[in-house]
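Read the single chain below, which is given as structure tokens and is the form predicted on its own.
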């Protein structure tokens, strides 16, 4: 049943939307292919915002934001061939360009990207319902990530600009590109997490096929011209359309060298199997997660409540790094819930542009029904919603629900809910928590809340071999971007962060010769007269 109080949080009509955040529908009829903005006259997909407006009968309807091309296998293969031609088996303009040259192109791109900030931030709000503060932060963090990546690449290149002499061999070791990259980003961080793979792969000299996410696709449109005018033709090519139609022919061609995906492990498995030569495919992926927090008997509950609140419900819990299940020692479970439940209920629901809004409309149309099913399943098996208003819904607005006690057999115990439901499990022995992580299909992060150093240390040692990051008295999170971001089991493949991503999208290559006077003369002439971009002692400042 629709909650009328929640329904009243949506604008009554267009005039209820502040002028700065109103948006005219953007009907995209272009896509980037081989350095050109190609016109599209075929079918399109309409984009409806999770932000609703009442119709003439007073029923809430998602607002139309615009539309984008639904291209097919033919256009996907054209994009692939453009990327293959631009790479040209490593002989193309981009892979053979100097590191300094590639950095210069990227700096040009950033300048043009900044010009589109207001529109992109607005589209993040309208397409996926992220609040204004977080949408702005996503854009700013992406810009910072690009500059940090450039600085790190300069350092890496400086460190490899010298020759090494070992065992009678002179050599220079640098990093070289891998080839054609198929990049697929997620809807929850459609700009930032897409670019944390796109930017390092481009900088390392690869050429790109860029598939936009289903939700959060239009926000990339204002940036296509920046890509087109900043890089040589064929370096960046956009792909639109249904993944089931456009991705299989690309993967089956065997011409993709790197698959980078932020999404589900099920999709990742399907895509990898379609490649005819898996030994030639490198995969760099961030996938499912069921990050767990454990609250020990001696935990500072004020800290635990504060961090779990952020960890479970930032952007409605729609983060792979969100805490998706809380284990609390039975001796403090009642007190934790007495504090945590009201704190959850106090979070302000509303429209993304409203100051202080913490709970916003959900972009996936089917998500509210799925969340309701999870709650019903838990209730049927003995759990209850323990916070006031938890689970109330009005179209795309869903009030967070704290569900307790959750146990094995309930959907919430194992499934990644990816939304504003917080399952809470009571435990008596830490071994129960460890066993849960051992038997879980996921292995991204975990959080420990406690003050007893012996108890914390006892958990750290097994947990670091079960997940990729252990947070002490802190929420699970990706940042800072200089820290490694990866996971075990079905949660990830490869490592992402600033430096790790540059390494992931490249391979170490060496030029070597015997330490003789004749060979030294050859090297000196090549380097001294700048005859090679790879074999060089140029120092980037």
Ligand code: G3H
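Remember, predicted model here, so these are calculated numbers, not experimental data. Residue numbers count along the first chain shown, from 1.
Same protein, other form: the form predicted together with glyceraldehyde-3-phosphate, not shown, and the subject of what follows.
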Original post:
Among the candidate residues 230, 257, 131, 321, which is the single one with a non-hydrogen atom no more than 4.5 Å from glyceraldehyde-3-phosphate in the predicted complex?
Top reply: 321
**OP:** Tell me, out of 141, 399, 329, 102, which residue has a non-hydrogen atom within 4.5 angstroms of glyceraldehyde-3-phosphate in the predicted complex.
**Re:** 141
Original post:
Which of these stretches, 174 to 182, 188 to 196, 269 to 277, 159 to 167, has heavy atoms within 4.5 Å of glyceraldehyde-3-phosphate in the predicted complex?
Top reply: 188 to 196
Original post:
For residue 484, is any heavy atom within 4.5 Å of glyceraldehyde-3-phosphate in the predicted complex, or not?
Top reply: no
**OP:** Using a 4.5 Å heavy atom cut-off, state whether residue 479 contacts glyceraldehyde-3-phosphate in the predicted complex.
**Re:** yes
